[in-house]
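Okay, here we've got a single chain as C-alpha cells, the form predicted alone, with questions on binding and movement later.
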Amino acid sequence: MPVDFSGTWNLVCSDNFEGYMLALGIDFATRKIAKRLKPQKVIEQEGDSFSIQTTSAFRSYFVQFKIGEEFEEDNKGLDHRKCKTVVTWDNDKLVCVQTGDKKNRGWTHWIEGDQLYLELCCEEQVCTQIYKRA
C-alpha cells in the first residue's frame, strides 16, 4: 500500500525558488512577492485519487488527478501555461511530468518523518521545498 499523503502541510523552507520561477518565465514583481510567502498545502488522498490545494495570501492553486491518468492542467495562478500532466508512483514518491512549452517540467513529492518534500523542476532549475505537518 502506498504512503498516505493526506493532511495539512505548512512550508518551512524553500531552496532555489527564484531560479525555478525564472525558468517558468514569471515576472519580477510576482517573483519578489512569491518568495516571501509561506503557502499551506491540503492534500486529500483516496487510493490513487488526489486533490492538492495550495493556498497563500497572494494566490491559490488546486489540482486534482488520478495516478497514471494523463490530464490537461491549466496552471492559472502560477505561470498561466497549459500542459499535459501525468502523475505516477515511484516507490513511495509521487512523480509528476508536465509536457508543454517548458522542458524538464514537473515535481516529486515524498514524505520523511513528519515532513513533506516537494522538488519542483523546470528547464535546468530545481527547487526543493520542505513542509511540516500542521
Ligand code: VLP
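All residue numbers refer to positions in the sequence shown, first residue = 1. Computed from a predicted structure; not experimentally measured.
Below, we refer to the form predicted in complex with this ligand, which is not included among the displayed structures.
- The three marked residues, V3, W89 and I111, fail to reach this ligand in the predicted complex, with no heavy atom of any inside 4.5 Å.
- None of V97, I67, I26, C83 but one reaches within 4.5 angstroms of this ligand in the predicted complex through a heavy atom, and that residue is I26.
- Among residues of the shown chain, K93 is not one whose heavy atoms approach this ligand to within 4.5 Å in the predicted complex.
- Residue contact with this ligand in the predicted complex: L11 places no heavy atom within 4.5 Å of it.
- Though the partner is left out of this view, C122 does not reach within 4.5 Å of this ligand in the predicted complex, counting heavy atoms only.
- Contact annotation for Q45: none of its heavy atoms lies within 4.5 Å of this ligand in the predicted complex.
- Along 11 to 25, these residues reach a heavy atom to within 4.5 Å of this ligand in the predicted complex: F17, Y20, M21, L24.
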